[in-house]
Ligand SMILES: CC(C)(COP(=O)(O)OP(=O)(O)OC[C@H]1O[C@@H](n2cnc3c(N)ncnc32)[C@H](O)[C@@H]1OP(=O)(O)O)[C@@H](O)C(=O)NCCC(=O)NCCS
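The chain that follows stands alone, in the form predicted alone, written as structure tokens.
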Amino acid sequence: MDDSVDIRRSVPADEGALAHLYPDAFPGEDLLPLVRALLREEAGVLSLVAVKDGAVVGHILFTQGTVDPAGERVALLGPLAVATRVQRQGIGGALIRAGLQDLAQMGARSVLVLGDPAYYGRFGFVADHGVEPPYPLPKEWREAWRSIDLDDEPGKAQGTLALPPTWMQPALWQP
């Protein structure tokens, strides 16, 4: 990654930049309502931005949750966006690694993601069949449900992912 990129926690003043970043990174999807709702959550959301030459060029959100019935502390990664002009320069990876480090320090046991297995596999995410998402996934998405352990405790979490209400919309879990 380019050394001129800084990763930091987002601040309210970044919202204007995010309103431009997400349509650029995902021209066929409207992720801004989800992003804005998550940023309004009072607790449990880790929001990081990548800044290059004074401009926000990347953003990632992690939402803390639990795996029930045991109540194990975990987080859900998503969404992750990088401006098209700086993609394939390691910015997304830097955001992921910074978030994983912060979450480990915050006591999360693992991080889950619904995303491209090839991309997230590069960071250590593996298929997860022990934690069920809040809503059933289409069969073709099942291998995209992945996780990474953040601690050395034996045994993987087993159960159903519980998240804040923002994520509890069936449409977010379907094509």
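All values derive from a computational prediction rather than experimental measurement. Numbering starts at 1 and runs along the sequence shown.
Same protein, other form: the form predicted in complex with the ligand, not shown, and the subject of what follows.
TODO: Given that the partner is absent here, state which listed stretch (121-129, 144-152, 47-55, 103-111) has heavy atoms within 4.5 Å of the ligand in the predicted bound form.
DONE: Heavy-atom contact with the partner occurs in 121-129.
TODO: Examine V74 and determine whether its closest non-hydrogen atom to the ligand in the predicted bound form is within 4.5 angstroms.
DONE: Contact with the ligand, no.
Open item on the list: Considering non-hydrogen atoms and a 4.5 Å limit, does the ligand approach L80 in the predicted bound form?
Closed with: Output for L80 is yes: heavy atoms within 4.5 Å of the ligand.
Open item on the list: Quick check on A25: any heavy atom within 4.5 Å of the ligand in the predicted bound form?
Closed with: Yes, contact at 4.5 Å.
Open item on the list: Within 4.5 Å, heavy atoms only: does G99 come near the ligand in the predicted bound form?
Closed with: No.
Open item on the list: Just to make sure I understand: among 52-74, which residues lie within 4.5 Å of the ligand in the predicted bound form, judging by heavy atoms?
Closed with: Going through 52-74 in order - heavy atoms within 4.5 Å of the ligand in the predicted bound form - there are no hits.
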